[in-house]
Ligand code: QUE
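We begin with a single chain expressed as C-alpha cells, specifically the form predicted alone.
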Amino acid sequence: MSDEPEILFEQRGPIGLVTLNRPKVLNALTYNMVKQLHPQLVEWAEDDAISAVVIQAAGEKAFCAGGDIRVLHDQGKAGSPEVINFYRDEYRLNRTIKRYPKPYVALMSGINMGGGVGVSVNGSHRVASERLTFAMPETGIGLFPDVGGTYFLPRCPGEVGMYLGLTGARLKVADAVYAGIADAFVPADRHEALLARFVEGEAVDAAIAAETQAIEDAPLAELQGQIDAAFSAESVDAILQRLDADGGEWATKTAETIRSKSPLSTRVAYGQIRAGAELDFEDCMSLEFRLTNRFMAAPDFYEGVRAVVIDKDQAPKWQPASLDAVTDEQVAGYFASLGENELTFD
C-alpha cells in the first residue's frame, strides 16, 4: 500500500486545487476520495478567498479511468452496504459539482471514463488536452452510463448521446468538444500556464480563451447523419435493425458492438437516456440511484467485471443472454421508485 494520499488539496492564490493522485491505477475513484472531495468543495464554496476550483490528475495517462469497480464488485458480492453508500455519496458529489456556485474547472488529460466523468464533465468549465480519451463504457460491464450521463448524454448533438451510451465509443479531443463533453482544447503542455493565469487572478473565461487552440474537424461530425438515422429509432432492437439494414462498415461494426454489451444494460440505458432528456439534473441523479440499486442486486455487473477485469477473458455470459429475452416488465422494474430509500440532496 502506498503512503501517498489518494487525493490532494491545496490553495494557490485564489484557486482551490484538487489533484487526483492514484496515477498507478489510472486515478480510479475510490469511496475515500469521494468522501474527502465533497466536504472540501463545500468549504471552498463558502470561503471568500477562493474564487474558483480546479481539478486535475497526477500522471500523463489518465484523468480518471472511473470508479474502482473491482472494489465495488467484491463488496457487492459480499453484500456490503458500502456499495450503495458509495453510489449515493458519489451522486451527491456530482450534484454539488453541477450546482457549484463558483467556476469549477476540470483539466481533462488522458483517459476519462465513468466516475472520472462525474467529477469533470458536470463542472462549469471542461478543458481537454490532446491526450483525452473519453468514454462511458458501462454497458460493457453490465451497468449503465451514470454519474450524470442521464442528463448530459441526451443533450449531446442529435443522437450522439444515445450512440455513446449504448456503444461505449471512445472520443478524442475534437469529438469531445463537438459532443459538448468538453468546452475547449488546451494542449497538455499549456495546462500549467493556464493554471498560472487562474492563480494570478485572471478571470476563468478569459484565461481559458487565451490558452484555447484550434482543433481539427471532429470525425463524429461526419458520422452525425448516420448516427441520427439509426439511433433515433424507438428501441434498441429498432436501432439494430436500422444498422443491419444500412450494411455499411460503420453500421455493421456498431451493431456488433451493441450486441456484445449486456442486453439488459442496453435496454435500460436506452430508457434512461430518453427519459433524461425531459428531467432536471437532480431528477436524473435520482433515477440513476434507482438503477444502481437494481443493477447491484442483479448478476450482470458482477459477470461483466469478472470477464473484463478479473479473468479478462472478454467473454461475459449475460443474464438474460439476448435482447429478445429482456422483458418490458423487467426494464420497468429498474426505474421503479425506491420509496423511502430514494436519493435525496441536502
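As the structure is a computational prediction, the values presented were derived from the model and not from experiment. Start at 1 with the first residue shown and count on from there.
The same protein also exists as the form predicted together with this ligand; that form is not shown, yet it is the one meant from here on.
Comparing 42-50, 317-325, 66-74, 284-292 against this ligand in the predicted complex, the single stretch with non-hydrogen atoms within 4.5 angstroms of it is 66-74. Highlighted residues Val25, Ile141 and Val308: every one comes within 4.5 Å of this ligand in the predicted complex, counting any heavy atom. Contact annotation for Gly123: none of its heavy atoms lies within 4.5 Å of this ligand in the predicted complex. Though the partner is left out of this view, Ala176 does not reach within 4.5 Å of this ligand in the predicted complex, counting heavy atoms only. Within this chain, Pro137 lines the site of this ligand in the predicted complex, having a heavy atom no more than 4.5 Å away. At the 4.5 Å threshold, heavy atoms of Met113 reach this ligand in the predicted complex.
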